[in-house]
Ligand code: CP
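To begin, one chain is listed below as structure tokens, in the form predicted alone.
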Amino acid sequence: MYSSFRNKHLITTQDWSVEEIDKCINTAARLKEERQLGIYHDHILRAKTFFMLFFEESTRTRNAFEAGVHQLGGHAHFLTPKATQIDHGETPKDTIKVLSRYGEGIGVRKTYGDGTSYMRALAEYSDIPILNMQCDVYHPTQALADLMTIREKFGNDFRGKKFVISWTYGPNYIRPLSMPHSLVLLMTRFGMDVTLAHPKEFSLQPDILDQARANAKAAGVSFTTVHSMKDAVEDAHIVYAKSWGPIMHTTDEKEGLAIIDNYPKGWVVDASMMARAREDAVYMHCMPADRDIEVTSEVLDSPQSVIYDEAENRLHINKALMALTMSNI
């Protein structure tokens, strides 16, 4: 059943076909339902090891993977550069060649710097699947959990559904582009009309935008960019609003933070903003959300908010990914 996924890497969802992504989400849904019914899955990865290499700390990503591999019967090893020889200069080749002899899969989180190139260097020499737990360019596991959540709320037919990914005001530090990148890449492949909204300084990478446009064309849907959150959320089914940095405009942190502080108004999700969307619209965020800064608590805690469903689905998607890529079935 899972043979075609054996040792398959996931660095970006672009690496997987629509059919493969469908199978992953279907597997996650089945594992979720069976867990709710008290059906255990600890035979799937019994005695298998999943390495988790974190260059930054994490709440949802670490715990979803660690709990997930435990529920599948395997064991997680938590690794950091400081606690390994990576900080002493060990190459990706030597690191993964050794770890491939010890376990059956590895997840890597390297959000800042050269995360994508590091993961691709690991993949070049790896005998086990590399799962991207977030890098500087992509966050595929979160995007897959988001797609699973949307399917739970709206069903399998996404035609005519308007998905909005909007920048929000988020001060104090520069957040990566990986989340908006992964969302515009994935949602354009699944029949949704996607609108990207941001102030002019907060564009995404040109190559990612080109891929999103190509995805939309192939799927027969629209992909548009606007510079007003109010315009974007009009009649939206899904409002996914979070902050990211003006990374394509400047690499200077001080300048970037000053640009962010130019937009404290008009880029916050409150009840009046959600009222512009459809009555059955949902609000989404990958978390952590800056309460009453990016989004008001009124929206976060409203019936329209599905943030905890998204967070839960991280567990089920991660279990599906590990089961599909690490299992002997």
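None of these values were measured; they are calculated from a predicted model. Don't overthink the numbering: it's just position in the shown sequence, from 1.
As for the form predicted in complex with the ligand, it is not shown, yet the points below apply to it.
The ligand is not shown here, and in the predicted complex it never comes within 4.5 Å of any heavy atom of residue 67. Contact annotation for residue 262: none of its heavy atoms lies within 4.5 Å of the ligand in the predicted complex. Looking at residue 60, you'd find a heavy atom of it within 4.5 angstroms of the ligand in the predicted complex. Contact check for residue 215: no non-hydrogen atom falls within 4.5 Å of the ligand in the predicted complex.
Every residue in the set 109, 142 and 286 has a non-hydrogen atom no more than 4.5 Å from the ligand in the predicted complex.
Checking 33 to 41, 268 to 276, 300 to 308, 286 to 294 against the ligand in the predicted complex, the stretch whose residues place heavy atoms within 4.5 Å of it is 286 to 294.
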